[in-house]
Ligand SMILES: Cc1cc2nc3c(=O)[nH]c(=O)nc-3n(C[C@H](O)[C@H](O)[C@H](O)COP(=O)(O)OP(=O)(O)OC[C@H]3O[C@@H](n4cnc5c(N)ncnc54)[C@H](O)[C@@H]3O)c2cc1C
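What follows is a single chain, given as structure tokens, in the form predicted alone.
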Amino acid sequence: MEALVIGSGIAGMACALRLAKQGIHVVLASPYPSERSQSVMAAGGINAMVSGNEEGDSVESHIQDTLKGGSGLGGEEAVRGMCEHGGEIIRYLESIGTVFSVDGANKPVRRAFGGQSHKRTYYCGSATGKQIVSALAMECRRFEAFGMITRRLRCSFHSALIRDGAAYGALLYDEASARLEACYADFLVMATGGQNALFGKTTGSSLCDGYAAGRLFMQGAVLKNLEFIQYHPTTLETAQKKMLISEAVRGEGGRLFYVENGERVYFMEEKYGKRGNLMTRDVISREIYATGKDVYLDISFLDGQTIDERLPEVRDICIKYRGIDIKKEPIPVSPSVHFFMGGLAVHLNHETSLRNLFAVGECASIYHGANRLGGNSLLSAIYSGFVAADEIAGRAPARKYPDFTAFMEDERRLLKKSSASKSTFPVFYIRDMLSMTMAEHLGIVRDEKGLEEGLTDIGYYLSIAEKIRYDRSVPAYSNFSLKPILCIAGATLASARERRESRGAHFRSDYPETLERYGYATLVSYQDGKFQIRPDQEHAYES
């Protein structure tokens, strides 16, 4: 039996390792051109209820905090499973070499994170994600040496091999040979991250562009909750991107303020009390937006040693990119697109609407509902990889792969025809216009007029894309990925237009109330070039 995992981030590696340990051979391939990392790792920590946590904490408390943070749209059964396995995941990460921060007695320490009733966030300074990635990568290499994991280098995902509603692997574009190659597998697992590049400069990698999900969407996969896009309230503007100023800063006591008449106004504390700086990310982002002022995050009152020990990466980011010494001065911050609660719709076992096609990590919509709690992303990435692997391990392999010769030849013919074209229309001109459209009309606050204008823009970009044969100034991936990227962007705008209420990370100025009749997930399908949106009132997905 063989599984093809598309994505070498945390969720993809967690799934691959779980499969390999159960004797299943895994082909691990990148969804994007080259082997560069496709995502920014969570820095602040990973949530878990473990014996020894703060007094009064419990798994049930973690579950309720997560459901509340998701505004009732997280699947309760799914969330319960994730929270119940938190301790097991922490112990697993420690066993493969993740070094969590400890106190003087060599006991794990935890920090406070937004939207949580107790300190349950385990961390590795302010580089938790990097520690976890390093441990998982070393473990993957160990299984690679045993022959249980095979890495496909210098290739990118092109399309799934779908027949009669089931997946049998994928077509991969080999950068060296400039050819499409079939990679057959009994099971296909997508771990492709979010859609950061749709919005231009964000906290995430520009390689996370939504293409894989968009292509699968066009091949019949159902998407869910695309309108819920988390803006992280504290990011630092740089020439290259928005640098994440981890929630760990506020967890260690950092205070948000703006200046008025020469005086600091601690607006979050004034409105929400002493825990105001640890409200959920959607709330803080909207409050920053509402001030209309330059906002700062101050941690300079902490002693230097504490900053060096607990926030070294934040310290280094501020010095390197803006010359700011956080021990002496506040950090100028603003909200930025950070995480996508929406993605491929999955069932409890992480299978999508297409048989034998699974989705894990950020590209799957299941645990976070309308808004993600900080510290839950790393937990959900690893847990989702384990769940999908366990489901696959309990299934029988395909008896015989269908013949995809005709499909492969059609795709190769289209690729060859387009690459022979003399058209030089700049693909990235459309991508740049797309990011401006998305940033303008799918911001922290939205309205009907703006969403309609955004959909009109997407329709126009799609009409141009149909006329483009090939842009020789960019790699082949940039050409064949354009239409699916535009499609997932259009589906996101359409989903936001249909949800005429405000909930979690989705805020409509023309519909500011949370309405009971919208207490369901949004499902969207692609049919005959159009987006078909419907409510998941029967909870067909996630629970």
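All residue numbers refer to positions in the sequence shown, first residue = 1. Not measured: the values here are computed from a predicted model.
Only in words, not in the display: the form predicted together with this ligand, which the text now covers.
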At 4.5 angstroms, heavy atoms only, are Gly12, Gly45 and Leu207 all close to this ligand in the predicted complex?
yes
Looking at 345 to 353, 74 to 82, 285 to 293, 207 to 215, which one sits within 4.5 Å of this ligand in the predicted complex if you count heavy atoms only?
207 to 215
Interface residue in the predicted complex among Phe339, Phe199, Phe257, Tyr461, criterion: non-hydrogen atom within 4.5 angstroms of this ligand:
Phe339
4.5 angstroms heavy atom contact with this ligand in the predicted complex for Gly504
no
Heavy atom to heavy atom, is Phe157 within 4.5 Å of this ligand in the predicted complex?
yes
Though only this chain appears here, would Leu244 touch this ligand in the predicted complex if you measure heavy atom gaps against 4.5 Å?
yes
Using a 4.5 Å heavy atom cut-off, state whether Arg120 contacts this ligand in the predicted complex.
no
Within 178 to 200, the residues having any heavy atom within 4.5 Å of this ligand in the predicted complex are Ala191, Thr192, Gly193
